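Quick setup: one chain, the form predicted alone, written in structure tokens, and binding and motion questions come after.
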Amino acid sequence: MVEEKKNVSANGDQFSKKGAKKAAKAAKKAEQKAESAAAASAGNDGEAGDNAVDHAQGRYGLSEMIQSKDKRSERIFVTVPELVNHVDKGLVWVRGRVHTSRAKGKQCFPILRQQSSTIQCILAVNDIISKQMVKFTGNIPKESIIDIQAKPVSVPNKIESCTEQTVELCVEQVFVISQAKSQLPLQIEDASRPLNPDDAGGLNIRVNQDTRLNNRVLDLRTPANQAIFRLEAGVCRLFRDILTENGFTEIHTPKIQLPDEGGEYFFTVNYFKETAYLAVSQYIHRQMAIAADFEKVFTVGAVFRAEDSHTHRHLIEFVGLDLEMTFKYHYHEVLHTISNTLTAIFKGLRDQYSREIEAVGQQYKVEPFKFLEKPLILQFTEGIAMLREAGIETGDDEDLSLPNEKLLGRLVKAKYDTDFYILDKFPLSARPFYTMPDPDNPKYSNSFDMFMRGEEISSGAQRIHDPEYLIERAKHDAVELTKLAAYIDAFRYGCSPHAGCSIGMERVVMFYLGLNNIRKTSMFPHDPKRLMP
């Protein structure tokens, strides 16, 4: 018998030829696996690996939490709109958010956003920028806040995707100041898309209203929202400036008060052992200021209305731009002051906030707001006649319904080419007890509403300044007098004839810009179904 030859391994183990082939194959496979692992560890697609020398070390990374430890006064920061003045003048520091980021080979192109301004940045591997730095920057989550040191340089072709189209930043250092979550509840690009239903070829990506309001901090970062609330601040500033220049005094009235019109639409407040209410209007204290000889006063403040309305123009809490002033013989002296103030505000917005108006228009396509140099004033009866000519049946002493308001606005626009007008002499039955009746026709009153794009933004009237007549009118309307003693007593010591109005600030901005919902012009809107944020 022939003895079978056996192979002996280096450690003395014996194995067959078949086993030797199997072992060789396994060794080859392990070698290939090791080579693949080595190639993978060499970095991103063959770039330098984690163990390779990083010549940009110290020029990028996560910054430690800022706790006011160091002032870093040597770092001079420049805003994005100012960068055009620093082209080819050396390095600058800029802080902003990562709006988007695009990686391409050994380059990275982050877009830096600072409020509404955006600029393109570029990082390319060179003697200063390492492959690791490019990779790190490309992986920074969107909406993170970063500090960069960079050289502003001009570009040969306009960068259409940024507000700064002639400049870009060649980055040399980048540090993350505040890192955002990698998964965002909404994308700023989606929330900023133009709403143009006529564009059939456009991206059909929409962020609905509830998603926006549930994540309002993110939603407010869009260019349109940044513009809306800067423009809103402009309305308040112009209101204050115009009235102050005309001899008005700004006063600050209580927001907790007793009911003035029977308690309807009031929020109750536990006021120690009594029940008080959040202010529906500041008119009581404005009138008392008039009785105290201030003559011309205005307020800018919160108004609360417990009205279960779910419309596009109602809020539970809004900002009232209110004024009260004396007049000599006719309340139209006040009416003209109010209408001229609003006209001056419209001009101020047009002339001083054109950039903001344009930013809003890029997302919401609307026609520019039109108004006359001399505001249009129509009698209530004239408005009713126009509606009847259009086929609408309505009573002489009925208040305008919302559909009729809108229709009348369209009729006025077609006839007079204005989006702003005033309707004077409303039916007395549609007004509160303190409104002065029309001396020539007791069915009507010395009261008025003001309209923008066919919807009410202000209501005003001559107030009754005679205490006995005020009591008579209160009894006629079944208003409880016991809690109005201080208000009525204010007129017992002599009070000038006066009139005033309340203007809804959010409505002014909404209709000036042609927006379709007042929640777009309230930073944190409260309605019957929403209390947060």
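Just so you know, these numbers come straight off a predicted model, no measurement behind them. All residue numbers refer to positions in the sequence shown, first residue = 1.
In what follows, reference is made to the form predicted in complex with another copy of the chain, a form of this protein that is not presented.
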item	value
4.5 Å heavy atom contact, residue 230 and another copy of the chain in the model of the complex	yes
Touches another copy of the chain in the model of the complex: residue 65 (any heavy atom, 4.5 Å)	yes
Close approach of residue 90 to another copy of the chain in the model of the complex, 4.5 Å, heavy atom	no
Contact of residue 115 with another copy of the chain in the model of the complex (heavy atom, 4.5 Å)	yes
Interface segment, criterion being heavy atoms within 4.5 Å of another copy of the chain in the model of the complex, picked from 278 to 286, 120 to 128, 401 to 409, 415 to 423	278 to 286
The unique member of 440, 373, 367, 160 whose heavy atoms fall within 4.5 Å of another copy of the chain in the model of the complex	440
Interface residue in the model of the complex among 268, 246, 100, 352, criterion: non-hydrogen atom within 4.5 angstroms of another copy of the chain	268
Members of 507 to 533 lying within 4.5 angstroms of another copy of the chain, judged by heavy atom, in the model of the complex	523, 524, 526, 527, 528, 529, 530, 531, 532, 533
